[in-house]
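Two separate entries follow, structure 1 and structure 2, each one form of the same protein chain as structure tokens.
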Structure 1
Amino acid sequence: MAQKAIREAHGKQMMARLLKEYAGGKYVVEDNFISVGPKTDLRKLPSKYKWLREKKLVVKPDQLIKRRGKNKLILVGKTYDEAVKWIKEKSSGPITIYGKFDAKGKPLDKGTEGTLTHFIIEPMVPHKETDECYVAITSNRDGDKILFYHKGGVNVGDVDAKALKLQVPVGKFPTAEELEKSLMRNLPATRRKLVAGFVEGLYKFYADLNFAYLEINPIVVLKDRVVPLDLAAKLDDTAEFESGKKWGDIEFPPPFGRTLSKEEAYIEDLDSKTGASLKLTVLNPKGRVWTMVAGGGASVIYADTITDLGYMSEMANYGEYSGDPNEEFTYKYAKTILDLMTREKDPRGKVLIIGGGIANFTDVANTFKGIVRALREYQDKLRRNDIKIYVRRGGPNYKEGLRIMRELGTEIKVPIDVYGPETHMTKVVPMAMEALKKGGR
């Protein structure tokens, strides 16, 4: 499962469109959520959304930022003109977002710097602190877990320790009665049925739309309705073929402070077009240690080994290809990494680790064909940049794949050391680091 976070506005807009269907028409979320981005014409919004001039508003950044309240990034109870002024002020330059605070609200970490570009505008919902609750749904290998706490808001604390929990097996849907009995017992009796019915519909919404995570903190419980105030959500993006039409026009934005490079965006686009997995994060374009790793778990192991050996500052990229991508996709993935790697020469040389564990179903020889195409294409640049390549792989058809790689090294006159499953997965890492010490080859 590939979990990707979505914007709060998009999650709420999905609830406004679809929750009524899953809740048997008993619960309605009004579609009063406006997503504001760099291209939004703030002057024209009131003509389209009349309520902007009629109601007091709440405005928040919408960039996967946690603890917005503690970072003083929530504007409450203001007019539209005041909201526009606040958005312009907050997006005028870089700011720092902190993740941890002490009891007095003092930041405990160095924070993350970035620029605010996206906001959500919605009507203020007048309520008391005692009207706030917390609900979250998370996916695990056995199904889904629903967490509920009868209090909510910015100071809710450690909900994992406080909340009541219900594990829902795959394919099962708890009734409102079951939810009320297991999760709502600390609520006032007059509110239990209302909240239980909402959570019943919310879980159906979650499961059918292939969410991987959904947290609402707080939900506000009024006399006859339940209102989601703050929402954080992740979707299983591999389910886009099944649920994409219901999701609507959404995006998977990068976390605050991180802007995708052209190459990262390209690989992300490739990833969306295949059932396989293609991931790339550029850590240090001038780094001397580059990796092309098969498998998400293997990518973590290789990165940890490089770090443990003291070469974290030289680690240029992080990512993986897995799920048996075809030759064309593997070629494009490899070509992107080789292009980045050979743009700037380092007189000390560089290393490329083409690694992985022992595949279960990926045809090693087939995926290597795509990598071989890219290596042939970049052979001149590889030689000019004094690059040495280390290959370690096992799995279906691995002997043929390793033979192709071994012969390629002779053909293109680039040193390629080849190892199979008889060699421990990370043993090639210290070999490559030793080559760096010697200045490449």
Structure 2
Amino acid sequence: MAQKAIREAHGKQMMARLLKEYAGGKYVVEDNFISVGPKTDLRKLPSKYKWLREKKLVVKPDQLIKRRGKNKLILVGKTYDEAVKWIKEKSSGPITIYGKFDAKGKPLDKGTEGTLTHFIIEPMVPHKETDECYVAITSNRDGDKILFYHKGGVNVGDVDAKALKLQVPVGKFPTAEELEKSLMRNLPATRRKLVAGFVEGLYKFYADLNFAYLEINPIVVLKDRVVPLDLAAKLDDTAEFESGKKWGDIEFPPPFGRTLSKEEAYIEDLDSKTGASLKLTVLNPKGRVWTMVAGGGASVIYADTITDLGYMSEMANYGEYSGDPNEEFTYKYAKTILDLMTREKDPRGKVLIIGGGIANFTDVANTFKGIVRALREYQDKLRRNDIKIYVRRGGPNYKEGLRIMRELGTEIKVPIDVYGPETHMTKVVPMAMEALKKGGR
């Protein structure tokens, strides 16, 4: 559905496999990148890859982590046995990764906690610091931008400001000569042709494989070849039908630190079983404001309004259901949320917002059926937890849908306030916040 990041190992393996085709056979990236995951048998690897025992190695976590160097998560110049020991140690428990550092290397933010599960192992490439350069290709509406800086590595600094840039209009492919002229002037003259030829091929590779972002920092320039050391990349995953075969067997890993709770994983699984959309992120299980909103756009606005009215810390979840899920799916979705919000009683009570905009063609009464079933099933727990419910929705058959909800309130003796399109979409949010302020009923 969008630009998605891939693992470094997969990006490098793609380069090793295909770059030579785009670079007239001149630039060969050796295929010696090993992706290590939780299921990899580390004891068996050396029999498959002989060089693991013959060369000095570099090991890094491969989970879309930025600033691995500053986070001291790069192992350089070690033997295979040392690498295995390091991997085991680093993946043994949760660690914290920081995003910002001061000049002395002290972290400046709270960091993100997560567990390391994936690593990349590759041979160390001996080189001098002056052999390091920076190259990146980014996407914009008019085409792509190639950034090049004659230095690279961990301390490259603000490349946006420093790097030389070339905007490439969509459909055009710059020649090595053009690249050399516009981007390489700070590079020693003897190296310019080599690097320009590499970037020429790299851009063709980037465009044809539908990359949306590709950063290599550093690339190391040796006498007769160019080696990518650190790589970060994003693919446009909508182009899977065009480039999927060339991508090979890859995955789009979740960002570091995002582990799904049992309930989130359950909803993700439900989502994969229907053409409709079901999403759930639990933000704060102890929060008192729960939402169950129809529609991707509307759900964001409900979450916004809760935030804007100053109740961000009380917002328990973000989620949405859309695309006309059937009764069984809405029932299961509603049940999951009701279960989460009734686990722990808060003496001040809680609110549930069943919101939504005006549906296009979805029968509102129909989609409420599953939710009503779940509410009826959870009525005891809803009463015990002092839960007040606010409903707002419009669209086909909405009057019948709202009537069902109103009657349900009387039947199960849970306060359910019901509103239609005559009430502003998010008006129920301040109403619910008001109820929270008053505390338990």
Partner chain sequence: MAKAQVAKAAKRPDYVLFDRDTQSFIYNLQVNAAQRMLDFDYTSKRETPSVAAIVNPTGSDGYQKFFYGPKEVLVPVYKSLQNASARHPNVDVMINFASFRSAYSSTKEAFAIPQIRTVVIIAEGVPERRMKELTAEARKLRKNIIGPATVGGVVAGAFKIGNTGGTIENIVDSKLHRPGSVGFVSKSGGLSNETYNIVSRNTDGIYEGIAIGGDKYPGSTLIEHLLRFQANPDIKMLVSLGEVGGIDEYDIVDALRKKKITKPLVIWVTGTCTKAFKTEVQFGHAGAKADADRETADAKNKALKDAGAIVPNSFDDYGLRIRETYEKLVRKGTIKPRPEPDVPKVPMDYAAAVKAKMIRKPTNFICTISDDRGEELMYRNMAISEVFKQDIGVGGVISLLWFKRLLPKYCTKFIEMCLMVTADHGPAVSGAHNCIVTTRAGKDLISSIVSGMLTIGPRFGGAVDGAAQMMSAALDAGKAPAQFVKEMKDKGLNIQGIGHLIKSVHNPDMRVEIIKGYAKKNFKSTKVLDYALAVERLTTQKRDNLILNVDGCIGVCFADMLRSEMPKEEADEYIRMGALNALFVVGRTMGMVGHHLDQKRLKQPLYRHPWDDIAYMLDQ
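Here the rigid core means the biggest group of C-alpha atoms that line up within 1.5 Å when the two forms are laid on top of each other. Structure 1 provides the reference sequence; residues are numbered from 1 along it. Computed from a predicted model, the values in this text were never measured in an experiment.
Between the two renderings of this chain, the form predicted alone is found in structure 1; structure 2 comes from elsewhere. With a cut-off of 2 Å and the rigid core superposed, Y22 has a Cα displacement that falls short of the cut-off between the two structures. With the core held fixed between the two structures, R403 has its Cα displaced by at least 2 Å. Treated as two rigid bodies, the chain between the two structures differs by a rotation of the smaller body against the larger of 24 degrees. In the rigid-core superposition between the two structures, residue position I306 carries a C-alpha shift of 3.4 Å.
Once the core of the two forms is superposed, the Cα of A316 has moved 5.1 Å between the two structures.
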